[in-house]
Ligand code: THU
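Taking the form predicted alone, here's one chain by itself in structure tokens.
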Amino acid sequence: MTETISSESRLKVYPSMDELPQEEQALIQAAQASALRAYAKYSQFQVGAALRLEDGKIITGNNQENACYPAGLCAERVAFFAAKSQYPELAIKAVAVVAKRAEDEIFRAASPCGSCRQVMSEYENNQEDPIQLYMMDAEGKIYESASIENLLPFKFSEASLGNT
């Protein structure tokens, strides 16, 4: 007999950034500022990420492109790798991700790619504490996920390797 399983992602939607606490507003603003510094020579698509560590530090990252496309790196992974290389003992509490086309003034919703979801999930699993995710769309709405697990419910993890 076959069985059906399902997964549900739950996101909280805020009508505007003004509805968020100051701490989250600052995180999104840091992601926006980082996006403007992206090296997006080929795609002209600027992505910024900002992480808030448990001590309140904000670490940013932006997409870094390369003429050999696979050699580039997404904003989220730049930020996560920087945070853990500089502050390995600090948990990551939240991440904001924003994106815009270089010629646009407006930021749009940009959901992290599969590779970035996997990396974020790895750090969330290792710290055994959820990481909140914030994304903003072109209308200014803010989407909040209480955990990376909402974006990657059937994730590959240490348990998949049979190590736990």
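Not measured: the values here are computed from a predicted model. Position 1 is the first residue in the sequence shown; the rest follow in order.
There is another form of the same protein, the form predicted in complex with tetrahydrodeoxyuridine; it is not shown, and what comes next is about it.
*Asks:* Which one, 101-109, 40-48, 25-33, 133-141, holds residues whose non-hydrogen atoms are within 4.5 Å of tetrahydrodeoxyuridine in the predicted complex?
*Replies:* In short, 40-48.
*Asks:* Look up in the predicted complex whether residue 122 has a non-hydrogen atom within 4.5 angstroms of tetrahydrodeoxyuridine, and give yes or no.
*Replies:* Looking in the predicted complex, residue contacts with tetrahydrodeoxyuridine do not include residue 122, since no heavy atom lies within 4.5 Å.
*Asks:* Does residue 92 reach tetrahydrodeoxyuridine in the predicted complex if we count a contact as any heavy atom within 4.5 Å?
*Replies:* Outside the cut-off, so no.
*Asks:* Taking heavy atoms only, is residue 74 within 4.5 angstroms of tetrahydrodeoxyuridine in the predicted complex?
*Replies:* Yes, contact at 4.5 Å.
*Asks:* Classify residue 60 as contacting or not contacting tetrahydrodeoxyuridine in the predicted complex by the rule of any non-hydrogen atom within 4.5 angstroms, answering yes or no.
*Replies:* Residue 60: no, not in contact with tetrahydrodeoxyuridine in the predicted complex.
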